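The chain below stands alone, shown as structure tokens; this is the form predicted alone.
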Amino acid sequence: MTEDILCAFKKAGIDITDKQALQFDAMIGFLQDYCTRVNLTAIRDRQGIIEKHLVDSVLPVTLADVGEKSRCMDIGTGAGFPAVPWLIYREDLRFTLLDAQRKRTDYLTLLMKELGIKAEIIHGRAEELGRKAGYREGYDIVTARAVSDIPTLLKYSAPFLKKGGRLLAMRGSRDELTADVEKAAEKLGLTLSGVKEYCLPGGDGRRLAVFIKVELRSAFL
């Protein structure tokens, strides 16, 4: 039964195919079953997962200009949000999913097999991986959903971005982007290009802060 998934996405102004709805449905079932043994998320009811994980993950990719076959890094991916919903919605994207907790990367490896989706899954820390060739300055897009405070997130994200690459920081509606944030971005060769405010179908407010890498410089300051 995928009618509730199709309806939730439609309310958010997003059209998905029946195939995508079935993949989302499979993801929900797999997550719920896995969470009976391993704690991955506090949101476990079906409707909560649909709105606050799936729709919440996909909305930003419809608001940002994400180029075809973009190479993307999801920092602190957790249970795979937003990366896995993005890969279902945009199968052309190439993703690296990074998380510091083994229980999460083990789950993601199994989830990808269940869904038939390919992505690189790495158990590690952003501050270490961002120094390595092949990862440093190798990404068009970095995504992060409610990860850390913004200045720390900028420090973690900047090393991965190519010049012209963008960080899409998904935040709650109360997260403030102060002058200190812009100063921290400037030190890392980033600039805040815009903030988009929007709501989930249930009314919860969200902000998408977009930072562009304008200069290549040491991101470990």
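The numbering used is simple: start at 1 and walk along the sequence shown. Because the structure is a prediction, the values reported are computed rather than measured.
The discussion below concerns the form predicted together with S-adenosylmethionine, not included here.
Contact annotation: residue 91 falls outside 4.5 Å of S-adenosylmethionine in the predicted complex, judged by heavy atom distances. When S-adenosylmethionine is considered in the predicted complex, residue 100 lines it closely, a heavy atom lying within 4.5 Å. Among residues of the shown chain, residue 84 is not one whose heavy atoms approach S-adenosylmethionine to within 4.5 Å in the predicted complex. Residue contact check for residue 118: none of its heavy atoms lie within 4.5 Å of S-adenosylmethionine in the predicted complex.
Along 95-131, a non-hydrogen atom within 4.5 Å of S-adenosylmethionine in the predicted complex is carried by 98, 99, 100, 101, 104, 124, 125, 126, 127, in order along the sequence.
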